[in-house]
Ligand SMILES: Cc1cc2nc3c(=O)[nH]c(=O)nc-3n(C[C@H](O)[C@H](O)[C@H](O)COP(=O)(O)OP(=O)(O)OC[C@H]3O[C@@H](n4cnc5c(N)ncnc54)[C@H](O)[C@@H]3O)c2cc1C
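As a starting point, one isolated chain is supplied in structure tokens, in the form predicted alone.
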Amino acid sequence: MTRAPSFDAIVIGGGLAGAGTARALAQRGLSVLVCETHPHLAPKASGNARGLIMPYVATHTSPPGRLYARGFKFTHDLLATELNDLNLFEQCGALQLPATKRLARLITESTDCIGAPPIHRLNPNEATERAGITVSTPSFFFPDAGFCEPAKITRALIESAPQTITVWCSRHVPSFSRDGSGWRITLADGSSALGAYTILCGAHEITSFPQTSWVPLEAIRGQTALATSSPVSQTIRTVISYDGYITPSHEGVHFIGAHYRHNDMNETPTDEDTTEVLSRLYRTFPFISDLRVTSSRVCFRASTHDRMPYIGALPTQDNEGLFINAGHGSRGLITAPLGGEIIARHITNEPLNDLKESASIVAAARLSKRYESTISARHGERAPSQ
């Protein structure tokens, strides 16, 4: 019988969260196995043609605002400094229009906002100058924001530590279990691997495991489109976010998104949703018209009960060494790499220091009541109130 290979840590999921976690662990000298069901890394949301790296506008009193500001800085520093020579990030700036009541209120108040250093409030004329097309409303502008290709970042994170990160693609993991003081993952072909730690980074698929079926993750369908630029749209100079978003033309193509649907697991793009993606753009900028869609794509983002990711050790019985980095929703580019760093510091008992507040906001320990309720229900006991 072939002996199962052993690693310090096993990461289940080969998207951005898995790659960021693997890199952070490998930087500390741990051997890491990354298991991905599909034939290549970044097969799902991390495989979108473009991804936005832009902040979330909020007040300093808002936990999401503080979390996303820290996550934005972490990702920006990663791409603009550590991996700068790979040209993974197009820092063209981003314009945020007041597409919600919350943003409309923040744009008119004198309240100090947190988003990115720096964040600017622009009047319509200033916003028009930045955007390259006519903008009719006051807007927030982030000069440090931009866009990227998430799959390239995922691969770069993995390839940054080739001596300590092993990747198994086309290797589905249907189960894992305790093995002494560590963990054994069992693959669909019956083979297995051992690790002192297991980190679940597979978005909503995490709920397929018995140990984590109780984790409240919702798969939200999102459809995006690639469209060739027009004479008007090709003048766009920044990412523009409204009740959708559009990137500047890159090699003659815009990335436009996204139309979201709850309770819909259809993996095939629909003409109806492509029309809605374009309609949102045309409603905001009626002078842009007749963009030709070349392709559409569907992916599923994992949303949490409080709209913030679950990162850290899972609060479960006899599951020491089981971690999660999931539930990033539409902001995985600014929270998934940060989550990997937080988990690596936990595992190596390294002080959290500058990440202490962020780690507290996203801690999976906040699910403890949910877990206790699930266990009580399984044993026929009265579940505690949530």
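Residue positions are given as counts along the sequence shown, with the first one as 1. As the structure is a prediction and not an experimental result, all values here were calculated from the model.
Missing here is the form predicted together with this ligand; even so, the following discussion is about that form.
A.B. asks: Can you tell me if Ser358 lies within 4.5 angstroms of this ligand in the predicted complex, counting non-hydrogen atoms only?
C.D. replies: Although this ligand is absent here, Ser358 would stay clear of it in the predicted complex, with no heavy atoms inside 4.5 Å.
A.B. asks: Does Ala258 reach this ligand in the predicted complex if we count a contact as any heavy atom within 4.5 Å?
C.D. replies: Output for Ala258 is yes: heavy atoms within 4.5 Å of this ligand.
A.B. asks: With a cut-off of 4.5 Å between heavy atoms, is Gly312 one of the residues that contacts this ligand in the predicted complex?
C.D. replies: Taking the distances in the predicted complex, the answer for Gly312 is no, it never comes within 4.5 Å of this ligand.
A.B. asks: So, Tyr245 and this ligand: in the predicted complex, are they within 4.5 Å at any heavy atom pair?
C.D. replies: Yes, contact at 4.5 Å.
A.B. asks: Any chance Ala94, Val135 and Arg280 all have a heavy atom within 4.5 Å of this ligand in the predicted complex?
C.D. replies: Looking in the predicted complex, the three residues Ala94, Val135 and Arg280 all stay beyond 4.5 Å of this ligand (heavy atoms).
A.B. asks: Here the chain is shown alone; which of Ala344, Ile324, Ile334, Leu67 has a heavy atom within 4.5 Å of this ligand in the predicted complex?
C.D. replies: When this ligand is considered in the predicted complex, the option within 4.5 Å is Ile334.
A.B. asks: Please pick out the stretch from 201 to 209, 269 to 277, 98 to 106, 124 to 132 that is in contact with this ligand in the predicted complex, where contact means heavy atoms within 4.5 Å.
C.D. replies: The contacting stretch is 201 to 209.
A.B. asks: Within 4.5 Å of this ligand in the predicted complex, which residues of 12 to 39 have a heavy atom? Give them in sequence order, or say none.
C.D. replies: Ile12, Gly13, Gly14, Gly15, Leu16, Ala17, Gly18, Cys35, Glu36, Thr37, His38 sit within 4.5 Å of the partner.
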